[in-house]
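Only one chain is given next, in structure tokens, and it is the form predicted on its own.
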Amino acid sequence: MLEQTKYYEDYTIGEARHTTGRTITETDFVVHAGHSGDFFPHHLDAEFCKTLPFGQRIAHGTMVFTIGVGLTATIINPVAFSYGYDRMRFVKPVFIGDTLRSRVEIIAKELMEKRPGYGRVTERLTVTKQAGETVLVADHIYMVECKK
């Protein structure tokens, strides 16, 4: 990981970065089910899923979100802190064998009136799979220190 100090004023709307890929495995499904407690048959019962429209197990949305965010975690900014996420949508299903990539783009920034010396920076996370189809979208909000 790389540490890079980037203040509120240094962010530019429209700047973007892309990640490498990560292929989803059956182990991912099982481990995530164990961590989350979500053992619904849509994720773990291959025979049951054959009777559903997708015909196969679908990834937990929370797993897709976790992996999508994790792919972007390559830079540590000591003056930025995660403030939360908004507008998360699970757009299309993800299956075992799909390869995910993430793209993040700065879409908004504003000074925080209630927290002098900080600004809010919103980064749009778009997770796609191998054919370029969008599978998840969310807005990640950061609280970022202003230059002194």
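A residue's number is simply how far along the shown sequence it sits, counting from 1. For clarity, every value in this text was computed on a predicted model and none was experimentally measured.
Keep in mind that the form predicted together with a further copy of the same chain is not shown, yet the notes after this line are about it.
Annotated contacts: S36, T62 and I75 all touch a further copy of the same chain in the predicted bound form [non-hydrogen atom within 4.5 angstroms]. When a further copy of the same chain is considered in the predicted bound form, R101 lines it closely, a heavy atom lying within 4.5 Å. Within 4.5 Å of some heavy atom of a further copy of the same chain in the predicted bound form lies at least one heavy atom of T20.
Though the partner is left out of this view, I106 does not reach within 4.5 Å of a further copy of the same chain in the predicted bound form, counting heavy atoms only. Within 4.5 Å of any heavy atom of a further copy of the same chain in the predicted bound form lies no heavy atom of P116. Along 14 to 32, residues T20, G21, R22, T23, T25, E26, T27, D28, V30, V31, H32 each place a heavy atom within 4.5 Å of a further copy of the same chain in the predicted bound form.
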